[in-house]
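Single chain ahead, written as structure tokens, the form predicted on its own.
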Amino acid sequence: MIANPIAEAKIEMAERPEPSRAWRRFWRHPMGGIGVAGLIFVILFSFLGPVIYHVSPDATNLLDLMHAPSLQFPLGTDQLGRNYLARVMVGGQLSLIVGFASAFGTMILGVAYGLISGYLGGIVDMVLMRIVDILLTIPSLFLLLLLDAMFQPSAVVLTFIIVFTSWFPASRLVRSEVLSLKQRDYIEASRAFGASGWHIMLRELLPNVMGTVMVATTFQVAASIITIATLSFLGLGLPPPTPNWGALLSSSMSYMYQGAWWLIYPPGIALLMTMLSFNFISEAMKSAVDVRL
């Protein structure tokens, strides 16, 4: 009996996991709710907090230098008498905005590159992947430092630098998924019906790699925030007085042995909570989109 490829394609498409089912699995995962709650708290703290606690993060007060936490200053003041709670709140805005923007740009570039490379295959795939292999041999920190030294730091420039140095793994991940998916029966059925390459890539392959892409994106947001903090900690981030969590940690290190614990723990805890929230969300999403489960 000769198999009908179109019928097999319909069966295979019917067996794909539904988005609603994946979301239910996500919310049933114990880490999913914890990660989302933690992320919502961080976002509200960074963006709604300065609206409620309306204090300038850059206003100096020479009469209250290095003031310990109190009712007047819930997280104390820094070496210039600036309200530290206000600075930690505003510092989270830059970290989150650049983190989300750079992760979004990284996924767009990586998905487009990997999608084209995997679908076209042959000599095009070999050339494109060799370019990625060469770029991966260059240490990412070296590229970050080089590009950061070449351009005047700003939020936009920092976003583009992170995107340029972070899209290589995403492209390889998407390419490997596409190489597996393009051999499926529903892709062959689309070709048999005369679908163009762009139609197959955008309407058939792209939706089927979105689960993997979403998981990778959450990891990339966390990695981007850590990258921003690392550059700022090394003194290569945005220039003062723009606060961010990495810069706050860097400036507080010289006061670590003077008992000014309130300058170190708040930005460190904020970074840790953000990383854990994204990691929990990533683990829950990975379980939700894994059809083997």
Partner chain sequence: MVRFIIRRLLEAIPSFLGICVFTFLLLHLVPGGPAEVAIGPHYSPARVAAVNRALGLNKPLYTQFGIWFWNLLHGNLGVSYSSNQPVLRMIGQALPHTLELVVAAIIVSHVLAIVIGTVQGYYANTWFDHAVTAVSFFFWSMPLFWLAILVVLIFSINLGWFPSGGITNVTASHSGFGSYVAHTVLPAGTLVLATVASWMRYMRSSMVDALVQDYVRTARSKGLSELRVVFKHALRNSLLPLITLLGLSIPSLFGGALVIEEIFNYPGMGLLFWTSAFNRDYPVLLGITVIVGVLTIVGNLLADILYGLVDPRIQYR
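Predicted, not measured: the structure shown is a model, and the values here were computed from it. Residue numbers count along the first chain shown, from 1.
One more form of this protein exists, namely the form predicted together with the partner chain; it is left out here, but the text below deals with it.
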The partner chain: the contacting residue among 192, 123, 156, 149 in the predicted complex [heavy atom, 4.5 Å] = 149
In the predicted complex, the residue from 33, 268, 69, 241 that sits within 4.5 Å of the partner chain by heavy atoms = 268
Among 138-146, 99-107, 194-202, 181-189, which stretch has residues with heavy atoms no more than 4.5 Å from the partner chain in the predicted complex?
-> 138-146
Find out whether any non-hydrogen atom of residue 26 is located within 4.5 angstroms of the partner chain in the predicted complex, and reply yes or no.
-> no
Give a yes/no on whether residue 65 approaches the partner chain to within 4.5 Å in the predicted complex, heavy atoms considered.
-> no
Would residue 256 count as touching the partner chain in the predicted complex under a 4.5 Å heavy atom rule?
-> yes
Even though the partner chain is not shown here, does residue 134 get within 4.5 Å of it in the predicted complex, heavy atoms only?
-> yes
Check each residue of 264-283 against the partner chain in the predicted complex and list those with a heavy atom within 4.5 Å, in sequence order.
-> 264, 265, 268, 269, 271, 272, 275, 276, 279, 280, 283
